[in-house]
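Coming up is one lone chain in C-alpha cells, specifically the form predicted alone.
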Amino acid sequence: MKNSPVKTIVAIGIGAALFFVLGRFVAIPSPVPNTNISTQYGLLAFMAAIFGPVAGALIGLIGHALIDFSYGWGIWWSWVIASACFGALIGLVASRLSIEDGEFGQKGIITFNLFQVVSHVIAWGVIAPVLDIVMYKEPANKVFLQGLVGGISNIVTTAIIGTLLCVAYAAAKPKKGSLSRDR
C-alpha cells in the first residue's frame, strides 16, 4: 500500500518529534564520551520501514538536529547525516516486508534485523567517523571508538524496540485477503 504525501508528511513530523524526545530524554550515557545508548533508532527503523526512505531520512535528519541543538553545543552534522542515512537505508527494506499487510513473521524479523545491522554499520562504522575526520578534524581513534560503541548499542536497541514496534503494528493490521465481502 502506497502512503499518501500528506500521511507521509505527518509521519515525518510525528517521527522527528518522537525521535527528539527519545534521543534527548531517554538516552542512556555510555562510558565513551559524547556517546549515548540511544532508544530512538528503533522508532526510526520502524517509521522508515512503514513510510520509506525519504521519510526515514527526514525523521533522522530533523530529529537528530533538534537533539544536538537542544544540548547547546551546536549541530554535529556528521552524526546528523549518519542518522539521515540510516533512516534512508532502513527505509529501502520497506518493499521487502509485508508489515502493512499484517505480516511480520520470522522471515520479516530476520530481514528487518539483518538490514538494520548493515545500515547501522554503514552509518556509525563509516559515515559518522569519516565525516567527523573530514568535517571536524577529529582524531580517527576517538571517532571510530564512538562509532563502534554507538553502532553496537543502536543495533541492540533497534533489534529490541524496532522489532517489537513492527510486530505490534503488523499484528494490529488485518491480514491481506482476510476480509471478505458479505453477500
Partner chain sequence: MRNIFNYIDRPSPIHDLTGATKLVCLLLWSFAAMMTYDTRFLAMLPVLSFALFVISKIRLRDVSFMLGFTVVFMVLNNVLVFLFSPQHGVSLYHAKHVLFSLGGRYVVTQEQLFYHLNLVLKYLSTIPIVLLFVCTTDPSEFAASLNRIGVKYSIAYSVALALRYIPDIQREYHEISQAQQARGIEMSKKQTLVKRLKSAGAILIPLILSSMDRIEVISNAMELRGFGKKKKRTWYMARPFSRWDILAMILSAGLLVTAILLNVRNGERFWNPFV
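Numbering follows the first chain given and starts at 1. For clarity, every value in this text was computed on a predicted model and none was experimentally measured.
Omitted here: the form predicted in complex with the partner chain. The next part is about that form.
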Please tell me which of 148, 122, 62, 130 lies within 4.5 Å of the partner chain in the predicted complex, judged by heavy atoms. 62
Considering non-hydrogen atoms and a 4.5 Å limit, does the partner chain approach residue 66 in the predicted complex? yes
Though only this chain appears here, would residue 37 touch the partner chain in the predicted complex if you measure heavy atom gaps against 4.5 Å? yes
Answer with yes or no whether residue 28 is in contact with the partner chain in the predicted complex, where contact means some heavy atom within 4.5 Å. yes
Looking at the partner-bound form in the predicted complex, is residue 58 within 4.5 Å of the partner chain by any heavy atom? yes
Select from 120-149 the residues with a non-hydrogen atom within 4.5 Å of the partner chain in the predicted complex and write them out in sequence order. 134, 135, 136, 137, 138, 139, 141, 142, 145, 146
